[in-house]
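Coming up is one lone chain in structure tokens, specifically the form predicted alone.
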């Protein structure tokens, strides 16, 4: 195992996302700790129309002047898997944001990803949803995998921990074929999976603290947290919820807080019970590594960073 070195400068990131409650909190976090050069959206937690609208509205909330490009409305093989039961019908729980004034910049996210990688030498790509847009970009131009600093995904899991099924994490399950393209592409890949994100939990205490700050952003994040708890645990606010997507952002901005290990990871695309499984080779003499898998994190520090980003 190793810990990556500290980068004192804000990293340049291109974020591919599907807001989604935790995506929204991740964008708040990214606005504080990274230089966002653009955002692309994909269908996932909710359909593409909603992920695009939510992203534009969140950019206005955060006063982010960055282009937003929409991408895939369904998986590579045409299926659409969404999670309104976790994120609410519109994707942001009970949080209602004003109709965004700004329009999307294009409906060709893969082209924007390819172009951005060509124009930015030190670009980190961060994927917070299904990997469909990333797979399309790689299929169009396989050389991009060698041009970015790395691709950090919130997806998958070590130890066979699933959330949408017993074996599979949602983002991978929503498009296993796309995930397989990405994992086999040769890209420098960091996997921030459920085994890691479940170590970073927030709940009612953090929501109350944010609400007491009483800023537009802090109140929004407080409501997002309460919605997440309510939707996942049927209103039982004694439960806490994992900060999946913010972990992926902080793995780029604060890598010193994470411990990652080189592993070979394959994606199951066929299994009756295991479709979407990320099979992490934990053998003593494993196959050649294609991924760095996150296993440990300074959870208290991450929670403080998320709270700090939200209190603006």
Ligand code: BDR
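Residue numbers count along the first chain shown, from 1. Model, not experiment: these values are computed from the prediction.
In what follows, reference is made to the form predicted together with the ligand, a form of this protein that is not presented.
Here is the short version: of 227, 163, 180, 195, the single residue with a heavy atom within 4.5 Å of the ligand in the predicted complex is 163. When the ligand is considered in the predicted complex, only one residue from 113, 72, 92, 128 comes within 4.5 Å through any heavy atom, namely 128. Comment: 240-248 is the region of 255-263, 270-278, 55-63, 240-248 lying near the ligand in the predicted complex, near meaning a non-hydrogen atom within 4.5 Å. At a distance threshold of 4.5 angstroms between non-hydrogen atoms, residue 132 is out of contact with the ligand in the predicted complex.
In the predicted complex, the ligand sits within 4.5 Å of a heavy atom of residue 171. At the 4.5 Å threshold, heavy atoms of residue 45 reach the ligand in the predicted complex. Taking the partner from the other structure, the ligand in the predicted complex has a heavy atom within 4.5 Å of a heavy atom of residue 154. Along 77-93, one residue reaches a heavy atom to within 4.5 Å of the ligand in the predicted complex: 87.
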